[in-house]
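As a starting point, one isolated chain is supplied in structure tokens, in the form predicted on its own.
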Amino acid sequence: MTVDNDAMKRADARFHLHPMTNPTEQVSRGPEMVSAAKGIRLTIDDRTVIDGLSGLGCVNIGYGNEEVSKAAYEAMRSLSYCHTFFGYSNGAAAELAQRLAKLTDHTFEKFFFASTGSDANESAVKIAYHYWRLRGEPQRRMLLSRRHSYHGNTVVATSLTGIDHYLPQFGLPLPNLVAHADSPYWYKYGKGKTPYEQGQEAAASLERIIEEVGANKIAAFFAEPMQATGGMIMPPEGYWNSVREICTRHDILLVADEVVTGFGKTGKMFGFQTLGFTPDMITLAKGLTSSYFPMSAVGISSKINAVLSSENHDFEHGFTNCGHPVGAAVALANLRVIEQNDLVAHVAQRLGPLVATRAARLQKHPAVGDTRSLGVLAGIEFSVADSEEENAAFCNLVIRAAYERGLFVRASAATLHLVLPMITTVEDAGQCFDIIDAAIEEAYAARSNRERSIA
């Protein structure tokens, strides 16, 4: 069937309300239409580009994988839907829960399934509230997270988020619900300190908030192993040891938001394994199915499960698509692809070291203030002026220049984000950095010429 691309653009501009998009600009400009994808490449308005973002940090195995597509088709034919309310289940959901327990070395004893990272984090909040009520401490309602954190776009998940521009349109965060500790963001806040010192100060800010609020009022601390959306912020050595010790000492649940970092992108299957700490709960999405199907999960430790399982009443929480048989089948196929192709080892042994080396080399540019990476995730932060707005504008110039050269990436403020699909070859990864290198040169030359013309 032939699709009239221009007609679809007009229809989209007329009828489609887009997420994270300026609606005025979208109506006047229209969308950029993605028509196909294969491997690590997208076809956008009839041009092919490398997807340097893995979708939204989710398409770990690349696009169009035949094994996963076949698994979805076969699952839809045999059992297109089955809810998991009232004790019902299906083989794929049961197998996936068992598989995830094994992949986490049984750090987590049971798994609750949902559809997105946002509802996984909302579910973790409700599980924490239920846990504390069963323990006789229903007053534990306060939630902690960090500045520059991102935990989703539902009401509570947005309240947990520590990135300012997500909040004011909706009058969030909800009052008296969330307190934000400092981020271990050494480049932004660590002037005159070592990364270790700044990381310890960030951990100490968590303890100060606990002491101010009162540990007996706090349900949980939510944190990404590395803060992806907020700027690819890498915690320094010692930070997570201190955070885990603080949460343990004050008896506060530690929830690792692994929506972005899960399933191999850090060089181990999960970010908590890479960075060496043990959370009480874990939230998963994106790479669980490589976003071939909307599915997420919450893993709970034996400590939490022992309390929840002791109650002889229904657990009054769930969604229509919990434990969806097609989603679970897709997740299992996705995990097979990751394991059979040794993609985690590929990240750890080849892609991760290349990304770290090539990102660090970009600091030769006077426009680059800092580079950070972990596995296939990297952030390149620009500093061309004292103004954050000017630095962000420069970052957008680099992103546009990279796109014209065939690489799709995104920005968070002044930081360019790179999240390579785990199937990326060393040669393609090198090409991505060649493009970024050239894009920085072009953007810097254009800025310098503009400044000379103004002078």
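In this text, all values refer to a predicted model and were calculated from it rather than measured experimentally. The first residue of the sequence shown is number 1, and the count goes up from there.
Absent from the display: the form predicted together with a small molecule. The rest refers to it.
Of the heavy atoms in Ser118, some are within 4.5 Å of the small molecule in the predicted complex. Contact annotation: Tyr150 falls within 4.5 Å of the small molecule in the predicted complex, judged by heavy atom distances. Contact annotation: Arg140 falls outside 4.5 Å of the small molecule in the predicted complex, judged by heavy atom distances. Taking the partner from elsewhere, Thr229 is found to have a heavy atom lying within 4.5 Å of the small molecule in the predicted complex. In summary, among the residues Glu122, Asp280, Glu224, Glu381, the only one with a non-hydrogen atom within 4.5 Å of the small molecule in the predicted complex is Glu224.
Only one of Val259, Ala114, Ala331, Val376 lies close to the small molecule in the predicted complex, with a heavy atom inside 4.5 Å, and it is Val259. Shown alone, this chain has one stretch from 151-159, 185-193, 93-101, 302-310 that lies within 4.5 Å of the small molecule in the predicted complex by heavy atoms: 151-159.
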